[in-house]
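What follows is a single chain, given as structure tokens, in the form predicted alone.
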């Protein structure tokens, strides 16, 4: 079979993968795949990183093999292997791979090797972390806008761009997204992304082997240097010294530097004053803790990416309960979805609470009327002050009644005590609220689901 026929088969396989798994999954996981060759009934497909290879083999390997067999009956196996990203392969691009029935000349098909054989300066980029799947909300919109500006600019916009925030809030996602965007816009620009720990390791190794000149040349000749978790070089004097000089050299040459850390430059412990001053001289962008709305958006985006239908009530429950960071929130969703798929059950509030019992128990505490008021106010989008006000408008009075009902159900407080917490109301007002909510629960299924959701969020 000639090259054109094999190329056409591969393009049809790619097209079917795009149709079956959707554009988002295809761009994140399948678009980087390139066809190396077809020989003796065996297809060899290359990917740029070990991480991507493992993911594709686990989630798409069987389907790729099935589609190839349907295209070409002589195919009896598919190998997915890592190709070192040491530069463009002559005659080969991501969308125009070359395939031969017999082994091809080296000029046409680069050999696919184990990832360990390729030692790059920087760390590999995670294909999941792109701008198009970064969920933007008020807590991160400034950092996102700054990162986007730097990625889309051919000149230095802010130097350095310093991103900081707590664990699991999206710093690394933004760093990877910037690197991907720059490489795709202008492949000629050299970008190095690595952690501060890896920078430190490479510098120490260079000292040990008396090869510091090569180290300096590698890091001071790039167009964009990206260092993640820079706080880890705090207290490492010799590494700080080298990083300081590398920083100055790149700034003097007009090269872009992007840094992330868990604290602002002025709060970094064990960091020399001159380095803290340098790190803070560009644009410093804080990524705040997630809001309820942002967490809800993240769950929706993640569910769409996974191709699963997560009921609204479950998404709201998770967004209310998993508040520490995005990483834990996505991990919780992964557990819920995996459980539903493995045991063949629908995703429900009950199953979610069962699967995440250990995670939810970690946040267990005594329920207070103040907490109930806050949760109910957030749920019905009213002001917390309305729980104590004299306003009688239905959009305020009904949530207030719900909060009184839940206070009666979930706390040991007496009716007069509950009434006092709601603006000094009489105990008969609380009794009326409890009775009214019970009646509505029996006649309105949507309202009943709302109450059940609130109860579970407060109890679990």
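In this text, all values refer to a predicted model and were calculated from it rather than measured experimentally. Numbering follows the first chain given and starts at 1.
Keep in mind the form predicted together with a small molecule is missing from the figure; the text below concerns it.
With a 4.5 Å cutoff on heavy atoms, residue 173 counts as touching the small molecule in the predicted bound form.
Contact annotation: residue 337 falls outside 4.5 Å of the small molecule in the predicted bound form, judged by heavy atom distances. In the predicted bound form, at least one heavy atom of residue 302 sits within 4.5 Å of the small molecule. Under a 4.5 angstroms non-hydrogen atom cutoff, the small molecule in the predicted bound form has residue 327 among its neighbouring residues. Contact annotation: of the candidates 196, 369, 319, 135, the single residue with a non-hydrogen atom within 4.5 angstroms of the small molecule in the predicted bound form is 135. Of the residues given (169, 178, 161, 226), 169 alone sits with a heavy atom within 4.5 Å of the small molecule in the predicted bound form.
In the predicted bound form, every residue of the candidate spot (129, 140 and 298) has a heavy atom lying within 4.5 Å of the small molecule. Stretch 327 to 335 is the answer when you ask which of 67 to 75, 275 to 283, 327 to 335, 246 to 254 has residues with heavy atoms within 4.5 Å of the small molecule in the predicted bound form.
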